[in-house]
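The chain that follows stands alone, in the form predicted on its own, written as structure tokens.
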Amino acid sequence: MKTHILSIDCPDQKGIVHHITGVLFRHGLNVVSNGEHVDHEAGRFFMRTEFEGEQAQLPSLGELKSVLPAEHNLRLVEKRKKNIVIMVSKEPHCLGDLLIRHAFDALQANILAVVGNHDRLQPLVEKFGIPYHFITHEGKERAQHEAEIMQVLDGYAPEYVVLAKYMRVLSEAVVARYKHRMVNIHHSFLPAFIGANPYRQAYERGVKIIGATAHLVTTDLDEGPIIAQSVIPVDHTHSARDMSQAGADVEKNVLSKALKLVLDDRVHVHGNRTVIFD
């Protein structure tokens, strides 16, 4: 039997769980997990229901919508691997982690290609038998560079784009094309230490924790809905290099965790916040 995921976001009211699970029961479908959350301030109800059954048993979207409030967001998908494209610059830690997970079938995604604005990581990617598209930004206007990137992305039609330490700001047009389907990772010093060498800045300031944030990309730079975060302690014995290496480990782990949640349809976006069923 196939597994399906039903995601619901609607105004809160009594009986929603009963009505939805009742529809699934009448169709002979087996619920294997169910997560619910009520945002009392917004008066919103969120639910993720995972169930098993054959395609012929599935209720129509109309039948599901008929038991929900008039204003709602409903999504029904088959649980399967998603197709992704990764974008990179020069740093290897996040990309390398994802490539290894993919090679050992631990990513729950198909990496269709990697796109980079530098060629430094091309040999690494090619060792895993994945296409690498080197699209330099040197000597080009941003519009031209992004047009070349979009031509490649359009050729693969990925469901998600992963910015694995891609260090260029994308325009509103590119972000809009992949609304809530582009995942980014960065250190958690923002907005304190902006620009180059953030770990050197952190070292000189004497910070005591370092961490990473994975979020969905929006037109507000590094301010999209947060998916996952983590921190680790540091102290005076850590050099700037030590902090950078430790930060790289946190970044790759947080990105991996965030992708797992996204690829498993566990992330609900509401405004600039997320509701996550893990």
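When you see a residue number, it is the position in the sequence shown, counting from 1. Quick caveat, the model's predicted, so the values are computed rather than measured.
Quick note: we don't show the form predicted together with a further copy of the same chain, though the next part is all about it.
Only one listed stretch (69-77, 143-151, 162-170, 117-125) carries heavy atoms within 4.5 Å of a further copy of the same chain in the predicted bound form, and that stretch is 117-125.
Annotated contacts: Ala192, Ile226 and Gln245 all touch a further copy of the same chain in the predicted bound form [non-hydrogen atom within 4.5 angstroms]. Remark: Ile8 does not count among the residues lining a further copy of the same chain in the predicted bound form, judged by a heavy atom distance of 4.5 Å or less. Mapping the unseen interface onto this chain, Val269 falls outside it, with no heavy atom inside 4.5 Å of a further copy of the same chain in the predicted bound form. In the predicted bound form, a further copy of the same chain sits beyond 4.5 Å of every heavy atom of Gly62. Taking non-hydrogen atoms only, Arg101 approaches a further copy of the same chain to within 4.5 angstroms in the predicted bound form. Although a further copy of the same chain is not shown here, in the predicted bound form the stretch 1-15 places heavy atoms of Lys14, Gly15 within 4.5 Å of it, in sequence order.
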